[in-house]
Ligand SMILES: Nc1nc2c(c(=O)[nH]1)N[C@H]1C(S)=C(S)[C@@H](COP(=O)(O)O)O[C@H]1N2
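Only one chain comes next, encoded as structure tokens, the form predicted on its own.
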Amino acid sequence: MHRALGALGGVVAAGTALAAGYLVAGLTGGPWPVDAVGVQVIDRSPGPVKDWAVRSLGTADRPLLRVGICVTLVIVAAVAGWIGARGHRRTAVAIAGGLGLVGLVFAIVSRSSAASTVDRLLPATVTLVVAVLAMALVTHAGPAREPGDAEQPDGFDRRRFLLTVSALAVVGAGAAGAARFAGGSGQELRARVRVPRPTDAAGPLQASLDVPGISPFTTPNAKFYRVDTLLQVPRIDPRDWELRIHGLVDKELRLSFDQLLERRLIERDITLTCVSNEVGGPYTGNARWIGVPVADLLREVGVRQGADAVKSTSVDGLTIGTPLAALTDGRDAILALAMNGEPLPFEHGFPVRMVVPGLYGYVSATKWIVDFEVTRFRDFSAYWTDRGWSVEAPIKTSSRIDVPKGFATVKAGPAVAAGVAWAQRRGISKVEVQVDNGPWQPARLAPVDGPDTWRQWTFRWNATPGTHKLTVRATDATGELQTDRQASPRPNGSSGLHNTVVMVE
């Protein structure tokens, strides 16, 4: 009996420590130790493991990783409490301290620069101290010796144990509850930012098809895909934000958020695609962005001869390498300030991010950007290229069937298939659909918005009873047909033709 109670005490001690650390993290803006550990797990995981997580779990990978770390900690804490209940109190406290020390070490080596050193280490330090004290308390209290229980240690008082555990539980619950309000939602930071009026505005939206189930031409912010390496989304005050532009330039430039707002702003519809997107996958979306042309800034600082790359750094320390040519060849590469008529959502880089048409996000779409260094590819290696992805990654021509969904049941007779196709920087000129092994037939396309956005398509066909396979392919505006060669996302994007099987009755 006493061992089970000891395990319970260990769990309560761990929960109290985690709650205390979470509260301090909310107050300081530093990483919760669980998140500090999680980022290291992500950074150090083999490439195939990361690929599987993105493909199979999507945005659920982060909460699941958090849960996994917490469950592991609770199990170890329960074992420590069980050991303490057997009389090995110092061992139990040492285990608790070891767990806390792991969180502190990971906070120290964290690549995050979103908080000061003190703020970054304080949550882990508090967690460590509370873990040690709480474990010491629960292992020095417990049920009195029961008749016939020779293994139960002397001095173990049940009443004192229950009071101690109850008090710790109340403290932990209070800390967890307070943590929900400690850091606030952060929405007041976005509320301070006005959506700037672009100098060069985009035209009215006229490129949509009205087909139930098709991806809308403009992806709502709440449904726009998110792929990154953070468990805790940065909450940056625009008043504290600054961008440093330096490296192989004639003069260094530092810009505040307000100074960026005062510059020439353009508004463009641009489709983004993640290199992790499987054929027919969800990691692509189209939005209307407002931002400062990167080319304007590069002309101002003066790029020196020999530079061929830009290394941009996020507030969390993640680095991305972008070909300099892609920022100066006339495409609408921007430092974006707004997305679909509102300030950037926190998850998508508030207050400022990069958007570069025609390149997969891991070489272009730096969120929470704070540093912009003009350099050479031979002089640095970026986060993702260190992990086996290609240095340069132009987006491949792709198409997707949105409706009907796979294994959907449709009625016999006239039926409709629809979806989207994209080939940023080239545009889409034709989409074709094949029913079973029949001939390729042209689909109807939505009006062209521009070369940097996806294009909706729809196809009418006569559905006969039975099981049928629909396959789609696209041709870009240069006349190049989408390849049917199957390739996985690693190292520079997936390829192949998307198909779906439907039941007709």
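Position 1 is the first residue in the sequence shown; the rest follow in order. Bear in mind that the values here come from a model prediction, so they are computed numbers and not experimental data.
From this point on, the text means the form predicted in complex with the named molecule, which you will not see here.
> Can you pick the one in Leu209, Ala295, Val227, Val195 that has a heavy atom within 4.5 Å of the named molecule in the predicted bound form?
Looking at Leu209, Ala295, Val227, Val195 one by one, just Val227 meets the 4.5 Å heavy-atom criterion.
> Gly291, Gly419, Gly100, Gly361: which sits within 4.5 Å of the named molecule in the predicted bound form by any heavy atom?
If I apply the 4.5 Å criterion carefully, the residue I get is Gly361.
> Among 399-407, 236-244, 268-276, 428-436, which stretch sits within 4.5 Å of the named molecule in the predicted bound form, heavy atoms only?
Heavy atoms within 4.5 Å of the named molecule in the predicted bound form occur in 268-276.
> Mark Ser314 yes when one of its heavy atoms lies within 4.5 Å of a heavy atom of the named molecule in the predicted bound form, and no otherwise.
It does: once the named molecule is placed as it appears in the predicted bound form, Ser314 has a heavy atom within 4.5 Å of it.
> Would Ala336 sit within 4.5 Å of the named molecule in the predicted bound form, counting heavy atoms only?
Outside the cut-off, so no.
> May I ask you to state whether Trp384 is within 4.5 Å of the named molecule in the predicted bound form, using heavy atom distances?
Although the named molecule is absent here, Trp384 would touch it in the predicted bound form, with heavy atoms inside 4.5 Å.
> Going by a heavy atom distance of 4.5 Å, is Val310 a contact of the named molecule in the predicted bound form?
Outside the cut-off, so no.
> Can you name the residues of 352-376 that have a non-hydrogen atom within 4.5 angstroms of the named molecule in the predicted bound form?
Counting only heavy atoms within 4.5 Å of the named molecule in the predicted bound form, the contacting residues of 352-376 are Arg353, Gly361, Tyr362, Ala365, Thr366, Lys367, Trp368.
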